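In structure tokens, the next block holds one chain alone, the form predicted alone.
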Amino acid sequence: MIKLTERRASIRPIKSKLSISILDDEEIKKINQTALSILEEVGIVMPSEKALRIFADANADVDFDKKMVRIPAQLVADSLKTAPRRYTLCGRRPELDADIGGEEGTYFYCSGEAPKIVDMDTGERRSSIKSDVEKMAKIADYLPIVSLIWPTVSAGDKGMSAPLHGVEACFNNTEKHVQTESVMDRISAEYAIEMASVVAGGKDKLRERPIHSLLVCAIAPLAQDRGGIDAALAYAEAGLPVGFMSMPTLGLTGPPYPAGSLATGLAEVLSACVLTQIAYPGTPNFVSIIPSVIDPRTANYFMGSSFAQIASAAVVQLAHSNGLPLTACKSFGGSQYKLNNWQAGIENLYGHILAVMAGADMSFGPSGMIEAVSLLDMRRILFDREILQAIDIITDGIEVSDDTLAFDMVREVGPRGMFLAHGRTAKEARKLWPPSILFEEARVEGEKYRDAVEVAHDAIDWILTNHRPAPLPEDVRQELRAIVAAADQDEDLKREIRGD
């Protein structure tokens, strides 16, 4: 019997009493200086005519033929001064707002968008479809540890406009903040912004309370995606938060040293932040750098290696030293498909705990993702949740006070006494053994032991059957359907995505 209860959506960031620093001040200075030297002397490919004109007007060194920009260090410094260190990623209700850059701790959110999913009925892999996006948004809406929501899988049955269908599916199945990382062209961005405006009640209300945001990935090494940059400028013009991610692979698309790859990745994300600040000063920006490695024996791609994890934690200090919030990267799971594979579990543990202790503003996970974010198993999000619950306890440290030192209890119980019978023990015991779906249910029932995977399957079924996110008004739902239907038929959108 699954012990879940009906409840409204809520969020719970993890605030760490413990802290960790990967880099000292001199190391931070050297990496920052190297990134500035890369921007000023090597440059960034910026294949967007609008972006090139913006940089040229700001007196950067622009080569329109090569679509290359070299950005003076002073222009970087001046531009970043207008980027807010603190802002809010809003939910549909104020209680679901994520105060980014504040003192609340690290907000976690689902990553995406996997093209494959483990079918809950058959256990077989298959391509993901829009209804899978809807289900995962509903699950994430129910779990308080998830504060921000992506379309976790792709709406693969919707063709070129799949990213927009993913955004619509999330808006319809969660009250939490919705972010996308697959709206990667100007026209799609305009459709997505229109949907967000409808949900928010108008463009002015959307600017006042941004319920939607965008994350754009650079092309390592040292290049931006044309469509992604144009989309970022559209979001910034609408007053919506825009984040930029770099994904250097050590020895492949980045130097074979964590420090060098961090400097290169930092140059990539800073170039995009500078662009949005020049064009629309005050745009809420955030950054993410996700180093990875290639296994030389198998060519498998690993986000969860020890080198990558420690480098990802170091990015927190680099981002904050530039006055920018950060989305940290934990591991997305190992290369093998097993729900309870030890490798995926240990990578999730130390990836999450490093992000929290380093002071990341946001962090990917829990998600239920494995195989480097290419495969979703919905059940695994509950395993990730258990890991985060343990991290929440660990990073909270030990409270030392007159109450917790409990001298009065010791005096009452005395030598060879039993604390179990004391009234305060009954009150406090729940804190020592917090609720756990998996631990409570995966236990012996008579002669039968329930496997944790079976328990997780039942829990997900319960959430999908019983959780009912607050619905959008029907007229809003109809408008969203009309917007994605128009996008489905938009030939200009298709040409833009194809790059015609």
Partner chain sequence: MDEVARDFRAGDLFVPEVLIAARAMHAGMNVLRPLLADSDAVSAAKCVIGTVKGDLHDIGKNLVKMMLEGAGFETIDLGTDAGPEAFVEAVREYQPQLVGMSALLTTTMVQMKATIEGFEEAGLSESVKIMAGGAPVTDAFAREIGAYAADAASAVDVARGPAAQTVLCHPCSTATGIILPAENRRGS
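Positions refer to the first chain, counted from 1. Just so it is clear, the model here is predicted, and its values are computed rather than measured.
What comes next is about the form predicted together with the partner chain, which is not displayed.
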Stretch in contact, per heavy atom within 4.5 angstroms of the partner chain in the predicted complex, of 124-132, 234-242, 310-318, 358-366: 124-132
Contact label in the predicted complex: residue 306 to the partner chain, heavy atom within 4.5 Å: no
Interface membership of residue 255, the partner chain in the predicted complex, 4.5 Å heavy atom rule: no
Residue 351: touches the partner chain in the predicted complex, heavy atom cutoff 4.5 angstroms: no
Interface membership of residue 105, the partner chain in the predicted complex, 4.5 Å heavy atom rule: no
Triplet 159, 225 and 374 all within 4.5 Å of the partner chain in the predicted complex via a heavy atom: yes
The partner chain: the contacting residue among 77, 420, 400, 299 in the predicted complex [heavy atom, 4.5 Å]: 299
Contact assignment for the partner chain in the predicted complex, among 115, 260, 84, 144, heavy atom within 4.5 Å: 115
Any residue of 479-500 that, in the predicted complex, places a heavy atom within 4.5 Å of the partner chain: 497, 498, 499, 500
